[in-house]
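In structure tokens, one chain follows: the form predicted alone.
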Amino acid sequence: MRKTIIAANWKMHLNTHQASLFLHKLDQKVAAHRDVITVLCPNMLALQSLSLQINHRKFKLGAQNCFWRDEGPFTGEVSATMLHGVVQYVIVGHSERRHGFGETDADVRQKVQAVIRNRMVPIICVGETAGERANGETKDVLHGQVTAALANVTSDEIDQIVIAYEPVWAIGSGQSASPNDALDAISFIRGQIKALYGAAAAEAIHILYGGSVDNHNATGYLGSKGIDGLLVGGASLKANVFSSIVEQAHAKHDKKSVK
């Protein structure tokens, strides 16, 4: 059974001091589980200091974004090369980057390559808007985004990929996709992986759900076979809520082992 990934996207919250205090609080509340990978994605400024503070038995660090070139005259950007050695994961193509900052499928593809090239794991975000959903275009959108993101990923590299299905209409809205709708989209994505890379790759890849996830609805997603974890936004900034989600992920494996 695949390990469950619970990733926390803190977005543009918590300055360096606040992030340190919050990590200390999480360390007290979140237990280490061999069957759960807990990834914390703070802002760029906090990454270096948290990398020295973090309990590596409990947590992995992730960045919320990176630039696709390794170095050069790109004022204000942070490259994957700079992140190597500090983080293990990088979120790529989040809808807030796509729709708020104009990132294209080509940008996402290049960032995926940069992350892999620098020996980290990209968490590739894909998902449809409310309008696309209403027009029945969800699978068309997912097909285009997944195909573009993986265009240069080889069969030897596909096991270094995590995909997160995050319907744009659900992020931060308080309105989440039902577990059945999330599973339907994730099954479609897994089918794409099978078509592109084969059945073994489709079985091995981690595909997460994200979009207004909290401790009240997490079990519904985690209990669905095929949903390998969660990308958590606002709820990850509440220590009690986030620790509860991690425990629910662990409980999923306990139930499996009992059967």
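In this text, all values refer to a predicted model and were calculated from it rather than measured experimentally. Numbers for residues come from their place in the sequence shown, where the first is 1.
Missing here is the form predicted in complex with a small molecule; even so, the following discussion is about that form.
Trainee: Does any heavy atom of residue 198 come within 4.5 Å of a heavy atom of the small molecule in the predicted bound form?
Mentor: Close contact is absent here: in the predicted bound form, residue 198 is far from the small molecule, nothing within 4.5 Å, heavy atoms only.
Trainee: When the contact criterion is heavy atoms within 4.5 Å, does residue 171 count as touching the small molecule in the predicted bound form?
Mentor: It does: once the small molecule is placed as it appears in the predicted bound form, residue 171 has a heavy atom within 4.5 Å of it.
Trainee: Is residue 111 one of the residues lying within 4.5 Å of the small molecule in the predicted bound form, judged by heavy atom distances?
Mentor: No, no contact at 4.5 Å.
Trainee: Does residue 233 reach the small molecule in the predicted bound form, with heavy atoms at most 4.5 Å apart?
Mentor: Contact check for residue 233: yes, within 4.5 Å of the small molecule in the predicted bound form.
Trainee: Heavy atoms within 4.5 Å of the small molecule in the predicted bound form: which stretch among 23-31, 190-198, 51-59, 211-219?
Mentor: Looking at the other structure, the answer is 211-219.
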